[in-house]
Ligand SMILES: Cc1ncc(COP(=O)(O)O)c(C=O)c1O
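Only one chain is shown below, in structure tokens, and it's the form predicted alone.
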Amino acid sequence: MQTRRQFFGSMSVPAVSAVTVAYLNPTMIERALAAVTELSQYTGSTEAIAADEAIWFEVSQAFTVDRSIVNLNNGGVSPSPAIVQQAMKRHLDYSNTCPPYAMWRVLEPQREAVRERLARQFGCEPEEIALTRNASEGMQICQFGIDLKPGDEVLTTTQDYPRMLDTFKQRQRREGIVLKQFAAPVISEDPSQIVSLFQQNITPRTRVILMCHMINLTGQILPVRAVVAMARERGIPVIVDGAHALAHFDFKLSDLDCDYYATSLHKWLFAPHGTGLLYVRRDKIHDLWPMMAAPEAGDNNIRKYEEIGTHPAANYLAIAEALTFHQGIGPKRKEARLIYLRDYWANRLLAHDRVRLHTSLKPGFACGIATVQIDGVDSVEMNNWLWNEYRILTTAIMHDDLEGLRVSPSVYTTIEELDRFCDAIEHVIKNGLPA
């Protein structure tokens, strides 16, 4: 990122001092490199790669996870590979040698290369990407930054993320805007149905649409591009919550043609915790206010959304290693593996009559996240029992439209771990939860 002085002035940047790579664990780094190299040289189909346990075992060794825990809540926050952790530590150590020099003059300018690489990977211009701390920050920049008057309506569904709904509810209490919600189907395998529901609920007072790219409750993928096109014909901007989507399945931001898109990079890109991305289409930057004040000279500059005061450089620079790791695995291969893991546990459990899946298994409608319910079993109690008895982490979903366990494995998850999860669920199906 350009520093405050570089953003609104000029500043000479000295050459970067040599930083040792001795902090890196050679064995883990070598295995990570070997794994992505093997993936890149694999001559079989994407489906064959997804099922090759030997390759994915090597990928899993790039992570420092605790194997006494089965972490099936990667949709919440993911561990970073060792190479990302070590890069962050390296940058942090260097920052502390002399922060005003090392952090502000040397490391901060390198943020621009991270911005450029993210833009190249995800299909937009560098001047349309702001680096944020998480999806919530990016979303709230958009939600608070759009001018609205009393009576203006914001349209969204009942299944959008609670924090984002609370943001507009606060504007509703404070400013008199109107948050209008409609019930989305729990599973929809007809994109035109979703577009039609948004269209039917537009009124002459609708000023903004808020929608998920991937619904956090179920992992359902919504037809963003089609909704955006419909809304743009009516002059209505669309804020897209991409918290669970970017780097999860293979797409470019340019595929969506949306106005605003926010995501967390510490989920599926495996970047350091507390990193996110905000995309604002270039012609929308001027009129979208930053959440923290920035000088008028920066009205057209995407970096005005990064004016948050003193912040670490290390977290953001280590995004580069996460991006390289993602590219090494390959977006299509990563998507295929996540779908393979989902189908492995879901199809096994669907053999039981009492199992209900609240997520489509058809191509294009979901990816690695799915939500499962056992009829007659309280999902919160089952979630707690899985942790207390088996050290299995899932997410209990309790919503007016559905309940269940949200299950989100990742590329480091093993088949043996999914078998442990399925064994535990089948025990509950057969015997119930202990009193």
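Remember, predicted model here, so these are calculated numbers, not experimental data. All residue numbers are counted from 1 along the displayed sequence.
Heads up, the form predicted together with the ligand isn't pictured, but that's what we're talking about next.
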request  = Flag this candidate site as yes only if Thr157, Arg225 and Ile239 all have a heavy atom within 4.5 Å of the ligand in the predicted bound form; otherwise mark no.
outcome  = no
Which of 323 to 331, 198 to 206, 309 to 317, 259 to 267 sits within 4.5 Å of the ligand in the predicted bound form, heavy atom basis = 259 to 267
ask   = Among the candidate residues Gln86, Asn71, Asn216, Thr359, which is the single one with a non-hydrogen atom no more than 4.5 Å from the ligand in the predicted bound form?
value = Asn216
note = Only hit among Val280, Ala271, Ala135, Leu246 for heavy atom within 4.5 Å of the ligand in the predicted bound form is Ala135
query = Leu288 near the ligand in the predicted bound form, any heavy atom under 4.5 Å?
reply = no
ask   = Is Tyr161 a contact residue for the ligand in the predicted bound form, using a 4.5 Å heavy atom cut-off?
value = yes
key: the ligand contact at Cys212 in the predicted bound form, heavy atom, 4.5 Å   = yes
